[in-house]
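Here are two versions of the same chain, shown separately as C-alpha coordinates and labelled structure 1 and structure 2.
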Structure 1
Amino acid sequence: MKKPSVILAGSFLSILVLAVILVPVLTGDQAYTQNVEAILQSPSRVHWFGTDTLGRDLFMRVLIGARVSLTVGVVCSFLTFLIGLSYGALAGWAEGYVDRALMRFCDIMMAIPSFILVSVLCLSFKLLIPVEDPFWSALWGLCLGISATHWMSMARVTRGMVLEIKRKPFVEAAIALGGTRTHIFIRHILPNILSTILVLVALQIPTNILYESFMSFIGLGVHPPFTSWGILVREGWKTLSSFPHLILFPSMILFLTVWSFHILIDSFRR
(Lines of atoms letter the chains of each structure in order from A and count residues from 1; the text may use other names and numbers.)
(Lines give C-alpha, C1' and ligand atoms only; values in the text may rest on other atoms or scores of the structure.)
Protein backbone atom coordinates (compact mmCIF):
# COMPACT_ATOMS: atom_id res chain seq x y z
CA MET A 1 0.00 0.00 0.00
CA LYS A 2 1.34 3.39 -0.98
CA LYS A 3 2.06 5.97 1.68
CA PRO A 4 -0.20 9.06 1.83
CA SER A 5 2.81 11.28 1.08
CA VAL A 6 3.46 9.39 -2.18
CA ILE A 7 -0.19 9.70 -3.23
CA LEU A 8 -0.18 13.40 -2.35
CA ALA A 9 3.06 14.05 -4.25
CA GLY A 10 1.88 12.15 -7.32
CA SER A 11 -1.48 13.91 -7.31
CA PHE A 12 0.11 17.34 -6.96
CA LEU A 13 2.56 16.81 -9.85
CA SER A 14 -0.18 15.36 -12.06
CA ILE A 15 -2.49 18.32 -11.40
CA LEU A 16 0.37 20.79 -11.90
CA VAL A 17 1.41 19.30 -15.25
CA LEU A 18 -2.19 19.21 -16.51
CA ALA A 19 -2.79 22.78 -15.36
CA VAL A 20 0.42 23.99 -17.00
CA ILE A 21 -0.61 22.36 -20.29
CA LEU A 22 -4.32 23.15 -20.36
CA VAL A 23 -5.08 26.31 -18.38
CA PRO A 24 -2.96 28.81 -20.38
CA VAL A 25 -4.33 27.35 -23.63
CA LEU A 26 -7.94 27.68 -22.49
CA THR A 27 -7.62 31.13 -20.94
CA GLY A 28 -5.39 32.88 -23.49
CA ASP A 29 -2.87 35.54 -22.47
CA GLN A 30 -4.35 36.53 -19.09
CA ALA A 31 -0.92 36.05 -17.52
CA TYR A 32 0.37 39.03 -19.53
CA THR A 33 -2.77 41.20 -19.55
CA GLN A 34 -2.28 44.32 -17.43
CA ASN A 35 -5.21 45.79 -15.51
CA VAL A 36 -4.58 49.04 -13.64
CA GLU A 37 -7.90 48.66 -11.80
CA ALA A 38 -6.84 45.35 -10.25
CA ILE A 39 -3.34 46.17 -9.04
CA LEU A 40 -2.11 44.27 -5.95
CA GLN A 41 -5.42 42.66 -5.08
CA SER A 42 -5.51 40.01 -2.38
CA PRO A 43 -6.49 36.39 -3.21
CA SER A 44 -10.17 36.09 -4.08
CA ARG A 45 -12.61 33.98 -6.09
CA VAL A 46 -11.75 35.93 -9.22
CA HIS A 47 -7.97 35.91 -8.68
CA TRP A 48 -7.07 32.81 -6.68
CA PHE A 49 -3.51 33.97 -5.93
CA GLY A 50 -4.25 37.69 -6.13
CA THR A 51 -2.70 40.11 -8.64
CA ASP A 52 0.75 41.63 -9.04
CA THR A 53 1.98 45.21 -9.34
CA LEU A 54 0.59 45.51 -12.88
CA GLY A 55 -2.77 43.92 -12.15
CA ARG A 56 -1.89 40.59 -13.79
CA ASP A 57 -3.42 37.39 -12.42
CA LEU A 58 -0.77 35.74 -10.23
CA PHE A 59 -2.24 32.26 -10.55
CA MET A 60 -1.86 32.37 -14.32
CA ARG A 61 1.66 33.74 -14.03
CA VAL A 62 2.61 30.90 -11.68
CA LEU A 63 1.40 28.39 -14.26
CA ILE A 64 3.25 30.16 -17.08
CA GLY A 65 6.36 30.28 -14.90
CA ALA A 66 6.02 26.55 -14.25
CA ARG A 67 6.48 25.93 -17.97
CA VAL A 68 9.93 27.50 -17.88
CA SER A 69 11.02 25.96 -14.58
CA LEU A 70 9.83 22.44 -15.40
CA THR A 71 11.26 22.61 -18.92
CA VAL A 72 14.67 23.64 -17.64
CA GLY A 73 14.55 20.91 -14.97
CA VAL A 74 13.75 18.11 -17.43
CA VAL A 75 15.96 19.30 -20.33
CA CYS A 76 18.97 19.88 -18.06
CA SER A 77 18.57 16.43 -16.53
CA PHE A 78 18.49 14.83 -19.98
CA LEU A 79 21.58 16.75 -21.15
CA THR A 80 23.37 15.92 -17.90
CA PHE A 81 22.52 12.26 -18.47
CA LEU A 82 23.98 12.29 -21.97
CA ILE A 83 27.17 14.13 -20.99
CA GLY A 84 27.79 12.28 -17.73
CA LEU A 85 27.06 8.83 -19.12
CA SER A 86 29.25 9.29 -22.20
CA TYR A 87 32.13 10.87 -20.28
CA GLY A 88 32.08 8.38 -17.41
CA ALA A 89 31.71 5.36 -19.69
CA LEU A 90 34.68 6.50 -21.79
CA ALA A 91 36.87 7.03 -18.73
CA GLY A 92 35.88 3.74 -17.11
CA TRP A 93 36.30 1.68 -20.27
CA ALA A 94 39.60 3.24 -21.37
CA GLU A 95 41.43 3.31 -17.98
CA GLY A 96 45.14 4.18 -18.00
CA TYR A 97 46.26 7.62 -19.10
CA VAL A 98 42.92 8.45 -20.72
CA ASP A 99 41.04 7.69 -17.51
CA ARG A 100 43.41 9.74 -15.36
CA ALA A 101 43.33 12.71 -17.74
CA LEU A 102 39.53 12.71 -17.95
CA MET A 103 39.12 12.41 -14.19
CA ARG A 104 41.61 15.19 -13.46
CA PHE A 105 39.63 17.49 -15.76
CA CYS A 106 36.46 16.41 -13.94
CA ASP A 107 38.13 17.24 -10.60
CA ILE A 108 39.07 20.70 -11.87
CA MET A 109 35.48 21.35 -12.98
CA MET A 110 34.15 20.24 -9.59
CA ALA A 111 36.63 22.51 -7.78
CA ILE A 112 35.28 25.63 -9.50
CA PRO A 113 32.35 27.17 -7.56
CA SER A 114 29.28 26.10 -9.49
CA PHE A 115 27.51 29.45 -9.13
CA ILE A 116 30.37 31.34 -10.80
CA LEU A 117 30.67 28.74 -13.56
CA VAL A 118 26.93 28.64 -14.24
CA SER A 119 26.73 32.43 -14.35
CA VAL A 120 29.60 32.73 -16.85
CA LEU A 121 28.32 29.90 -19.03
CA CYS A 122 24.72 31.17 -19.04
CA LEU A 123 25.83 34.62 -20.16
CA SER A 124 28.21 33.14 -22.74
CA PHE A 125 25.65 30.76 -24.21
CA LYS A 126 23.02 33.49 -24.39
CA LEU A 127 25.42 35.59 -26.49
CA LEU A 128 26.65 32.71 -28.65
CA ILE A 129 23.34 30.98 -29.44
CA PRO A 130 22.10 32.21 -32.85
CA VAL A 131 18.48 32.70 -31.75
CA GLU A 132 16.81 36.07 -32.29
CA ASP A 133 14.01 35.45 -29.78
CA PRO A 134 15.37 36.59 -26.37
CA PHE A 135 13.16 34.07 -24.56
CA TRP A 136 14.60 31.03 -26.35
CA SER A 137 18.10 32.44 -26.16
CA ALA A 138 17.81 32.81 -22.38
CA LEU A 139 16.13 29.41 -22.00
CA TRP A 140 18.79 27.54 -23.95
CA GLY A 141 21.50 29.51 -22.20
CA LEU A 142 20.13 28.33 -18.86
CA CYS A 143 19.81 24.72 -20.01
CA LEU A 144 23.31 24.53 -21.45
CA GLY A 145 24.91 26.47 -18.59
CA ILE A 146 23.35 24.34 -15.86
CA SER A 147 23.99 21.08 -17.74
CA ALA A 148 27.65 21.98 -18.31
CA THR A 149 28.19 22.25 -14.55
CA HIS A 150 26.14 19.33 -13.21
CA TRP A 151 27.43 16.33 -15.18
CA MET A 152 30.55 15.64 -13.11
CA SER A 153 28.91 13.64 -10.31
CA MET A 154 27.08 11.44 -12.81
CA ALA A 155 30.29 10.92 -14.76
CA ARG A 156 32.15 9.77 -11.63
CA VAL A 157 29.37 7.36 -10.65
CA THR A 158 29.20 5.98 -14.21
CA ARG A 159 32.97 5.51 -14.33
CA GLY A 160 33.03 3.62 -11.03
CA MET A 161 30.21 1.30 -12.09
CA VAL A 162 31.78 0.63 -15.50
CA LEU A 163 35.11 -0.19 -13.85
CA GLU A 164 33.36 -2.65 -11.55
CA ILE A 165 31.14 -4.36 -14.11
CA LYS A 166 33.77 -4.67 -16.87
CA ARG A 167 35.67 -7.09 -14.62
CA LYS A 168 32.67 -9.38 -14.18
CA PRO A 169 32.98 -12.88 -15.71
CA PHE A 170 30.16 -12.35 -18.22
CA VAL A 171 31.90 -9.24 -19.64
CA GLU A 172 35.24 -11.05 -19.83
CA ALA A 173 33.47 -13.91 -21.63
CA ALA A 174 31.95 -11.48 -24.13
CA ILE A 175 35.40 -9.98 -24.79
CA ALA A 176 36.88 -13.47 -25.26
CA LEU A 177 34.16 -14.29 -27.80
CA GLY A 178 35.22 -11.28 -29.88
CA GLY A 179 32.48 -8.81 -29.02
CA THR A 180 33.14 -5.20 -29.98
CA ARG A 181 33.40 -2.53 -27.30
CA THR A 182 30.19 -0.87 -28.46
CA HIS A 183 28.28 -4.16 -28.41
CA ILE A 184 29.62 -5.13 -24.98
CA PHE A 185 28.77 -1.75 -23.50
CA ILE A 186 25.24 -1.63 -24.91
CA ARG A 187 24.43 -5.29 -24.37
CA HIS A 188 26.16 -6.09 -21.07
CA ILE A 189 27.30 -2.98 -19.18
CA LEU A 190 24.60 -0.40 -19.83
CA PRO A 191 21.66 -2.58 -18.62
CA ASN A 192 23.48 -3.16 -15.33
CA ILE A 193 24.12 0.51 -14.59
CA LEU A 194 21.02 2.10 -16.11
CA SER A 195 18.75 1.76 -13.06
CA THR A 196 21.20 3.63 -10.81
CA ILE A 197 21.89 6.26 -13.46
CA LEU A 198 18.17 6.89 -13.99
CA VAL A 199 17.74 7.53 -10.25
CA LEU A 200 20.52 10.13 -10.45
CA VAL A 201 18.85 11.68 -13.51
CA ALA A 202 15.54 11.91 -11.67
CA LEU A 203 17.22 13.49 -8.65
CA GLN A 204 18.70 16.13 -10.95
CA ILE A 205 15.24 17.42 -11.93
CA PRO A 206 14.33 19.13 -8.61
CA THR A 207 17.92 20.33 -8.25
CA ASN A 208 17.81 21.93 -11.69
CA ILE A 209 14.43 23.52 -10.96
CA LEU A 210 15.90 25.17 -7.87
CA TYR A 211 18.97 26.26 -9.80
CA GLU A 212 16.87 27.80 -12.56
CA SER A 213 14.79 29.66 -9.97
CA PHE A 214 17.93 30.98 -8.32
CA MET A 215 19.46 32.10 -11.62
CA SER A 216 16.23 33.88 -12.60
CA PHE A 217 16.02 35.42 -9.13
CA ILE A 218 19.41 37.11 -9.57
CA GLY A 219 18.58 38.19 -13.14
CA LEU A 220 20.52 35.64 -15.23
CA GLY A 221 17.53 33.67 -16.49
CA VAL A 222 14.59 34.70 -18.64
CA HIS A 223 13.57 38.35 -18.45
CA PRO A 224 10.18 40.10 -18.22
CA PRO A 225 7.61 40.08 -19.72
CA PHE A 226 8.42 36.35 -19.70
CA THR A 227 8.35 34.77 -16.29
CA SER A 228 9.45 31.83 -14.20
CA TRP A 229 9.15 30.94 -10.54
CA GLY A 230 12.46 32.67 -9.79
CA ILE A 231 11.27 35.93 -11.36
CA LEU A 232 7.98 35.77 -9.44
CA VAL A 233 9.84 35.26 -6.16
CA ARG A 234 12.11 38.20 -6.99
CA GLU A 235 9.12 40.43 -7.73
CA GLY A 236 7.41 39.32 -4.53
CA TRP A 237 10.55 39.98 -2.50
CA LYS A 238 10.34 43.68 -3.31
CA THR A 239 6.90 43.98 -1.64
CA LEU A 240 7.31 41.31 1.03
CA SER A 241 6.24 43.45 3.98
CA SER A 242 3.16 44.94 2.32
CA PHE A 243 1.90 42.22 -0.05
CA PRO A 244 3.29 38.85 1.12
CA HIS A 245 1.03 36.86 -1.22
CA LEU A 246 3.25 37.86 -4.16
CA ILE A 247 6.12 35.76 -2.79
CA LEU A 248 4.11 33.25 -0.76
CA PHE A 249 2.30 31.47 -3.61
CA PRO A 250 5.21 31.09 -6.07
CA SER A 251 7.45 29.92 -3.23
CA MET A 252 4.82 27.47 -2.02
CA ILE A 253 4.36 25.94 -5.49
CA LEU A 254 8.14 25.73 -5.93
CA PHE A 255 8.52 24.01 -2.55
CA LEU A 256 5.69 21.53 -3.22
CA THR A 257 7.09 20.68 -6.65
CA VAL A 258 10.60 19.95 -5.36
CA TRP A 259 9.19 18.04 -2.37
CA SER A 260 6.92 15.96 -4.62
CA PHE A 261 9.79 14.98 -6.91
CA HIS A 262 11.90 13.85 -3.97
CA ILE A 263 9.05 11.84 -2.44
CA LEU A 264 8.27 10.06 -5.73
CA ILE A 265 11.91 9.38 -6.55
CA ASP A 266 12.52 7.93 -3.11
CA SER A 267 9.43 5.75 -3.49
CA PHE A 268 10.50 4.43 -6.90
CA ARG A 269 14.04 3.80 -5.62
CA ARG A 270 12.74 1.68 -2.76
Structure 2
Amino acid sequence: MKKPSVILAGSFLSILVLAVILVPVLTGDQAYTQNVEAILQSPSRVHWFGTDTLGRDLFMRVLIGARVSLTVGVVCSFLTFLIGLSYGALAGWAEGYVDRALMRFCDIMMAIPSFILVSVLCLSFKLLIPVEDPFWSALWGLCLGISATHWMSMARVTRGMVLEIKRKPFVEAAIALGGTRTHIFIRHILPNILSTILVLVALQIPTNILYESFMSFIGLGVHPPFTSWGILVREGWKTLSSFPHLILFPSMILFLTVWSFHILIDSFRR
Protein backbone atom coordinates (compact mmCIF):
# COMPACT_ATOMS: atom_id res chain seq x y z
CA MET A 1 0.00 0.00 0.00
CA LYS A 2 1.52 3.27 -1.10
CA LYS A 3 0.49 6.62 0.28
CA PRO A 4 -0.51 9.29 -2.25
CA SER A 5 2.21 11.63 -0.98
CA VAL A 6 4.88 9.02 -1.75
CA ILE A 7 3.57 8.56 -5.29
CA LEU A 8 3.43 12.31 -5.75
CA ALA A 9 6.99 12.77 -4.47
CA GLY A 10 8.35 9.92 -6.57
CA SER A 11 6.75 11.08 -9.76
CA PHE A 12 7.77 14.69 -9.17
CA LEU A 13 11.41 13.71 -8.73
CA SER A 14 11.50 11.40 -11.72
CA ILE A 15 9.80 13.93 -13.99
CA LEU A 16 12.18 16.61 -12.74
CA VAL A 17 15.29 14.51 -13.41
CA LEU A 18 14.03 13.45 -16.85
CA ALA A 19 13.11 17.02 -17.77
CA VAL A 20 16.45 18.35 -16.52
CA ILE A 21 18.32 15.89 -18.70
CA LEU A 22 16.12 15.90 -21.80
CA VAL A 23 14.27 19.18 -22.25
CA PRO A 24 17.26 21.51 -22.68
CA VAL A 25 18.76 19.06 -25.18
CA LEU A 26 15.54 18.96 -27.21
CA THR A 27 14.72 22.66 -27.19
CA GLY A 28 18.15 24.21 -27.54
CA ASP A 29 19.62 27.20 -25.78
CA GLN A 30 16.45 28.96 -24.62
CA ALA A 31 17.71 29.43 -21.07
CA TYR A 32 20.36 31.89 -22.20
CA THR A 33 18.59 33.49 -25.18
CA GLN A 34 17.71 37.06 -24.32
CA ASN A 35 14.64 38.68 -25.79
CA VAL A 36 14.22 42.39 -25.16
CA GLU A 37 10.68 42.41 -26.46
CA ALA A 38 9.48 39.88 -23.92
CA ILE A 39 10.94 40.92 -20.58
CA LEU A 40 9.23 40.34 -17.21
CA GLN A 41 6.21 38.55 -18.66
CA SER A 42 3.77 36.78 -16.38
CA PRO A 43 3.35 33.03 -16.76
CA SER A 44 1.60 32.21 -20.03
CA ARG A 45 1.20 29.32 -22.43
CA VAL A 46 4.42 30.18 -24.28
CA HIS A 47 6.50 30.89 -21.16
CA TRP A 48 5.22 28.56 -18.43
CA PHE A 49 6.96 30.36 -15.59
CA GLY A 50 7.12 33.76 -17.29
CA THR A 51 10.28 35.57 -18.35
CA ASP A 52 12.98 37.36 -16.37
CA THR A 53 14.46 40.87 -16.58
CA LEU A 54 16.35 39.97 -19.75
CA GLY A 55 13.45 38.17 -21.40
CA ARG A 56 14.86 34.68 -20.80
CA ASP A 57 12.36 31.87 -20.30
CA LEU A 58 12.21 31.14 -16.57
CA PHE A 59 11.03 27.54 -16.98
CA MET A 60 14.09 26.71 -19.08
CA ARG A 61 16.32 28.52 -16.62
CA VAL A 62 14.92 26.50 -13.73
CA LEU A 63 15.70 23.31 -15.65
CA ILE A 64 19.23 24.44 -16.52
CA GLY A 65 19.79 25.67 -12.96
CA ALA A 66 18.67 22.30 -11.64
CA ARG A 67 21.70 20.74 -13.29
CA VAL A 68 24.04 22.59 -10.95
CA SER A 69 21.81 22.18 -7.90
CA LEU A 70 21.20 18.46 -8.33
CA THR A 71 24.83 17.75 -9.22
CA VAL A 72 26.01 19.51 -6.07
CA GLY A 73 23.43 17.58 -4.06
CA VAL A 74 24.58 14.17 -5.27
CA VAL A 75 28.33 14.80 -5.47
CA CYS A 76 28.45 16.34 -1.99
CA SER A 77 26.54 13.41 -0.56
CA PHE A 78 29.07 11.03 -2.00
CA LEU A 79 32.03 13.06 -0.71
CA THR A 80 30.41 13.36 2.72
CA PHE A 81 29.92 9.62 2.72
CA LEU A 82 33.61 9.02 1.95
CA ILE A 83 34.89 11.50 4.56
CA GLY A 84 32.46 10.51 7.30
CA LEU A 85 32.93 6.80 6.75
CA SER A 86 36.73 6.84 6.84
CA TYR A 87 36.88 9.30 9.76
CA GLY A 88 34.38 7.34 11.82
CA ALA A 89 35.96 4.00 10.95
CA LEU A 90 39.40 5.29 11.94
CA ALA A 91 38.12 6.60 15.28
CA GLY A 92 36.11 3.48 16.03
CA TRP A 93 38.92 1.15 15.04
CA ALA A 94 41.67 3.02 16.92
CA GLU A 95 39.85 3.75 20.23
CA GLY A 96 41.78 5.30 23.09
CA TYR A 97 43.48 8.64 22.65
CA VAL A 98 43.14 8.83 18.86
CA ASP A 99 39.44 8.20 19.15
CA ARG A 100 38.97 10.84 21.85
CA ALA A 101 40.95 13.47 19.93
CA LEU A 102 39.08 12.75 16.69
CA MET A 103 35.67 12.87 18.37
CA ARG A 104 36.56 16.05 20.25
CA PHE A 105 37.37 17.69 16.92
CA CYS A 106 34.04 16.42 15.62
CA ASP A 107 32.30 18.11 18.57
CA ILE A 108 34.05 21.40 17.90
CA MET A 109 32.99 21.29 14.26
CA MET A 110 29.41 20.57 15.28
CA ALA A 111 29.35 23.50 17.70
CA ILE A 112 29.89 26.07 14.95
CA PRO A 113 26.74 27.01 13.03
CA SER A 114 27.05 25.15 9.75
CA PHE A 115 26.16 28.26 7.78
CA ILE A 116 29.39 29.93 8.97
CA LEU A 117 31.48 26.85 8.25
CA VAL A 118 30.03 26.23 4.82
CA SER A 119 30.37 29.82 3.69
CA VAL A 120 33.90 30.28 5.02
CA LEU A 121 35.04 27.02 3.44
CA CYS A 122 33.25 27.67 0.14
CA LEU A 123 35.02 31.01 -0.05
CA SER A 124 38.41 29.53 0.81
CA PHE A 125 38.13 26.54 -1.51
CA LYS A 126 36.93 28.75 -4.32
CA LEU A 127 39.99 30.98 -3.89
CA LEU A 128 42.46 28.17 -3.26
CA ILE A 129 41.54 25.66 -5.94
CA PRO A 130 43.84 26.00 -8.94
CA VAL A 131 41.07 25.94 -11.53
CA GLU A 132 40.95 28.81 -13.99
CA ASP A 133 37.40 28.46 -15.28
CA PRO A 134 35.11 30.45 -12.92
CA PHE A 135 32.23 27.98 -13.32
CA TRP A 136 34.24 24.92 -12.35
CA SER A 137 36.09 26.63 -9.54
CA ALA A 138 32.75 27.76 -8.08
CA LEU A 139 31.32 24.26 -8.47
CA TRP A 140 34.34 22.66 -6.80
CA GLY A 141 34.27 25.29 -4.06
CA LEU A 142 30.63 24.48 -3.37
CA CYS A 143 31.12 20.71 -3.39
CA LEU A 144 34.22 20.71 -1.19
CA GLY A 145 32.90 23.41 1.14
CA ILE A 146 29.58 21.67 1.75
CA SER A 147 31.01 18.19 2.13
CA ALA A 148 33.87 19.34 4.38
CA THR A 149 31.28 20.50 6.91
CA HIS A 150 28.58 17.83 6.89
CA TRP A 151 30.47 14.62 7.58
CA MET A 152 30.26 14.86 11.37
CA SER A 153 27.01 13.04 12.05
CA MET A 154 27.99 10.32 9.60
CA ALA A 155 31.37 9.92 11.29
CA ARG A 156 29.70 9.62 14.68
CA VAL A 157 27.25 6.98 13.56
CA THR A 158 29.99 5.02 11.78
CA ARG A 159 32.24 5.16 14.83
CA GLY A 160 29.49 3.89 17.12
CA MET A 161 28.64 0.98 14.85
CA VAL A 162 32.27 0.05 14.19
CA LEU A 163 32.87 -0.01 17.95
CA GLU A 164 29.90 -2.31 18.37
CA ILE A 165 30.60 -4.65 15.48
CA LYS A 166 34.33 -5.09 15.95
CA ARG A 167 33.65 -6.91 19.22
CA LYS A 168 31.43 -9.48 17.51
CA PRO A 169 32.75 -13.04 17.21
CA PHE A 170 32.83 -13.07 13.40
CA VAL A 171 35.23 -10.12 13.37
CA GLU A 172 37.40 -11.83 15.97
CA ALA A 173 37.38 -14.92 13.78
CA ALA A 174 38.44 -12.88 10.76
CA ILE A 175 41.29 -11.35 12.77
CA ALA A 176 42.33 -14.79 13.99
CA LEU A 177 42.40 -16.00 10.40
CA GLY A 178 44.88 -13.26 9.60
CA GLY A 179 42.62 -10.79 7.80
CA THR A 180 44.15 -7.36 7.27
CA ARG A 181 42.39 -4.27 8.62
CA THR A 182 41.19 -3.03 5.25
CA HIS A 183 39.94 -6.48 4.34
CA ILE A 184 38.03 -6.82 7.60
CA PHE A 185 36.57 -3.36 7.28
CA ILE A 186 35.44 -3.74 3.69
CA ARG A 187 34.26 -7.35 3.78
CA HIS A 188 32.96 -7.73 7.33
CA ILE A 189 32.15 -4.38 8.91
CA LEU A 190 31.00 -2.30 5.96
CA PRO A 191 28.18 -4.63 4.85
CA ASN A 192 26.77 -4.50 8.36
CA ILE A 193 26.65 -0.75 8.65
CA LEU A 194 25.89 0.18 5.06
CA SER A 195 22.10 0.22 5.30
CA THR A 196 22.10 2.71 8.18
CA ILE A 197 24.76 4.88 6.56
CA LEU A 198 22.96 4.95 3.21
CA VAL A 199 19.87 6.50 4.81
CA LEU A 200 22.11 9.26 6.17
CA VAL A 201 23.70 9.69 2.74
CA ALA A 202 20.27 10.04 1.14
CA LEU A 203 19.16 12.49 3.82
CA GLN A 204 22.22 14.55 2.99
CA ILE A 205 21.09 15.21 -0.60
CA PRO A 206 18.27 17.68 0.20
CA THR A 207 20.49 19.45 2.74
CA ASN A 208 23.19 19.87 0.11
CA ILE A 209 20.72 21.21 -2.42
CA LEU A 210 19.54 23.75 0.14
CA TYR A 211 23.08 24.79 0.97
CA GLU A 212 23.94 25.20 -2.69
CA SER A 213 21.03 27.62 -3.04
CA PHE A 214 21.99 29.50 0.13
CA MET A 215 25.57 29.91 -1.02
CA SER A 216 24.64 31.01 -4.53
CA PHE A 217 22.06 33.35 -3.00
CA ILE A 218 24.65 35.20 -0.93
CA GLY A 219 27.07 35.25 -3.86
CA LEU A 220 29.51 32.48 -2.93
CA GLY A 221 28.36 29.87 -5.41
CA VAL A 222 28.21 29.94 -9.19
CA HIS A 223 27.97 33.37 -10.76
CA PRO A 224 25.80 34.64 -13.61
CA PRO A 225 25.62 34.06 -16.53
CA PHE A 226 25.75 30.49 -15.22
CA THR A 227 22.70 29.64 -13.25
CA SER A 228 21.47 27.50 -10.40
CA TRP A 229 18.37 27.62 -8.22
CA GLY A 230 20.19 29.89 -5.77
CA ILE A 231 21.06 32.33 -8.53
CA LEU A 232 17.47 32.34 -9.79
CA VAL A 233 16.18 33.09 -6.28
CA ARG A 234 18.79 35.81 -5.93
CA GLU A 235 17.69 37.39 -9.19
CA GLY A 236 14.02 37.09 -8.25
CA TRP A 237 14.62 38.56 -4.79
CA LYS A 238 15.48 41.91 -6.38
CA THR A 239 12.06 42.21 -8.01
CA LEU A 240 9.96 40.57 -5.29
CA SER A 241 7.53 43.44 -4.73
CA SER A 242 6.48 43.84 -8.37
CA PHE A 243 7.26 40.51 -10.08
CA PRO A 244 6.91 37.82 -7.40
CA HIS A 245 6.73 34.96 -9.92
CA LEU A 246 10.45 35.36 -10.59
CA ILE A 247 11.32 34.22 -7.06
CA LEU A 248 8.28 32.07 -6.23
CA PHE A 249 8.63 29.61 -9.11
CA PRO A 250 12.31 28.67 -8.62
CA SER A 251 12.01 28.57 -4.85
CA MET A 252 8.83 26.51 -5.05
CA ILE A 253 10.60 23.95 -7.23
CA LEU A 254 13.41 23.95 -4.65
CA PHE A 255 10.89 23.33 -1.88
CA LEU A 256 9.11 20.57 -3.81
CA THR A 257 12.41 18.81 -4.56
CA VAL A 258 13.54 18.86 -0.95
CA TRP A 259 10.09 17.79 0.20
CA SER A 260 10.02 14.86 -2.24
CA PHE A 261 13.39 13.65 -0.99
CA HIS A 262 12.18 13.79 2.61
CA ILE A 263 8.92 11.97 1.82
CA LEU A 264 10.72 9.21 -0.10
CA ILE A 265 13.40 8.70 2.55
CA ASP A 266 10.73 8.64 5.25
CA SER A 267 8.82 5.91 3.43
CA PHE A 268 11.97 3.84 2.84
CA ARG A 269 12.80 3.96 6.52
CA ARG A 270 9.57 2.34 7.66
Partner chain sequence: MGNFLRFLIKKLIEILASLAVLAALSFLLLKVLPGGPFDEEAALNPLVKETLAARWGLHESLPTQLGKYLLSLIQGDLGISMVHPDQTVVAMIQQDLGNTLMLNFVALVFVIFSAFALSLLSLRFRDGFFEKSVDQLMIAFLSLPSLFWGPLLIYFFGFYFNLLPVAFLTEPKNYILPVLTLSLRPLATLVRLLKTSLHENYNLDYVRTAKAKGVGEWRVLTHHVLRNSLIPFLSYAGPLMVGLLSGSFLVEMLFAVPGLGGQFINALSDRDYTLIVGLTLFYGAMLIVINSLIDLVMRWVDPRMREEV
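Here the structure is a predicted model, which is why all the values come from computation and not from measurement. Residue numbering: sequential along structure 1, first residue numbered 1. C-alpha atoms forming the largest set that superposes within 1.5 Å between two forms make up the rigid core.
Only structure 2 of the pair represents the form predicted together with its partner chain. In the rigid-core superposition between structure 1 and structure 2, residue position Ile112 carries a C-alpha shift of 2.9 Å.
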